[in-house]
Ligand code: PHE
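As structure tokens, one chain now follows by itself in the form predicted alone.
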Amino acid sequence: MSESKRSTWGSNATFILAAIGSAVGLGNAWRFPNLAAKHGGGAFLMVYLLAMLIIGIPLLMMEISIGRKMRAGAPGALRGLNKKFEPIGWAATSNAFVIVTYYAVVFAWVIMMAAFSFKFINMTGDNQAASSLWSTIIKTTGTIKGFDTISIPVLICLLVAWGLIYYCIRNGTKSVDKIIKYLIFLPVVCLGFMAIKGATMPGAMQGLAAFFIPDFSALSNPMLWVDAVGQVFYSMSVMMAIMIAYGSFLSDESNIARDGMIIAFSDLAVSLLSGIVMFTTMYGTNLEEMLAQKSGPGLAFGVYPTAIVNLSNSGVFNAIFAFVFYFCLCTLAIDSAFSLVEGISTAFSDKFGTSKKKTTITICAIAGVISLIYATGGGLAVLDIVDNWCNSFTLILVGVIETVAIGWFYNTNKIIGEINRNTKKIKMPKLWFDIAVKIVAPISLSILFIWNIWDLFKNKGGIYGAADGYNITSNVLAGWAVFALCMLSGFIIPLFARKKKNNGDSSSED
């Protein structure tokens, strides 16, 4: 796609809101509070803030600046820096594609829970009914079995989810420009409402104390540091082809140094607000121990409904609160979902010279069909395995390779120049950037990758989820094979593009 034909953000504010929307997702709502509960509350917050400043912000600015400088999605932009870097961009793009296939199903579950929130009216104090509502509706077996069954409510909500994702980006930046302001501020309003309710509950002050007051003894636990670095990395939407794509639509007048700070601290603010909601609600309903034990879908769909039915003696109020909570998750999920598709679509339309709209439709259709597997009875188990490999292995390894490539085999002065091009006050210091990209990021991410490998083989016997009934075959097919395909895609897709060009299709890139 030529620069003259490339769409741009309607305003710099639209870009900032879109980037915040991508960064702020379901992980802010359930993974961040869970990690804070596991690792000494304020102690985790301190390490997270440190990791965000040292690693997160420099990498975020780096990717945005590369996108703007090269006016291309992740593979094309990295190729623009060095032809040998293109496979890194395709590995990131392929991993994003895998992630969006199951993220859409999680989005569908959230839509479903919002739609079924009326059921909480008759569940006041009934912990068993509340905690099993989600698993009953999705008809999960909890194991690698039951692929011949599918939940109709989930299927309907999945179609709605994909319809909403496509609608939000059907015309690229123009579509996003019209809706992003609502999608960003709605979750903040919802979280604010829930935080006020949580603050009025008995035990709320204990919850806030547990969240904000550091348990300094937790700092000696290496897992705190591993989880904090990992959460920063996941939360910032870096190494997923998103921020490079978003940066490619930026105007030359934009201030990347300032915008990167705004995006990072806005992401942190929503995480803190989500933490306040979770801690006050869980402590207020005497379920605080479950906050540290459960994460992800288990926390949002299993444990939190139990807290909801114990909020008050009014089933109607509890149902309204449930709807607000799951509607809030809907608004958090959709931004991240369509940003993943946008990053993928940008990469392929740039490479093959196809219409952006046609490419987006194709990607949504293919990803939508693949996502059906997660709507089956055995889909939750597959999702668990795929998610583990995408985030614990592929994403981390892409981060290691990308930071080494840019930090050691490219002139970082050019990146710094692009970041600081239009700023006078807030600048990215060269020393800070070089230390982050050349040393801290690759070393910390390498340690994280090695730790995950060691944990899998040393603590889990080489089979992830063995205690839940997963076997070696499921690990190979849904884990290692997906990992290998993502990493090899960096070489397969360029070869396919060259073959297509040699066959006479001049629309594709070299």
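Quantities reported herein were computed from a predicted structural model and do not represent experimental measurements. Residues carry their position along the shown sequence, with the first being 1.
A second form of this protein, the form predicted in complex with ligand PHE, is not displayed here; the remarks below concern that form.
Novice: In terms of non-hydrogen atoms within 4.5 angstroms, which of the given stretches 273-281, 414-422, 211-219, 98-106 touches ligand PHE in the predicted bound form?
Specialist: Only one stretch passes the 4.5 Å heavy-atom test: 98-106.
Novice: Please determine whether each residue of G27, Y234 and S237 possesses a non-hydrogen atom within 4.5 angstroms of ligand PHE in the predicted bound form.
Specialist: Checking in the predicted bound form: G27, Y234 and S237 are all within 4.5 Å of ligand PHE.
Novice: Which of S345, S248, S339, T403 has a heavy atom within 4.5 Å of ligand PHE in the predicted bound form?
Specialist: The residue in contact is S339.
Novice: Can you work out which of A307, I263, I242, I256 has a heavy atom no more than 4.5 Å from ligand PHE in the predicted bound form?
Specialist: By the 4.5 Å criterion, the partner-contacting residue is I242.
Novice: Answer with yes or no whether C486 is in contact with ligand PHE in the predicted bound form, where contact means some heavy atom within 4.5 Å.
Specialist: No, no contact at 4.5 Å.
Novice: Taking ligand PHE as it sits in the predicted bound form, is A23 near enough to touch it, meaning that at least one heavy atom pair lies within 4.5 angstroms?
Specialist: Yes.
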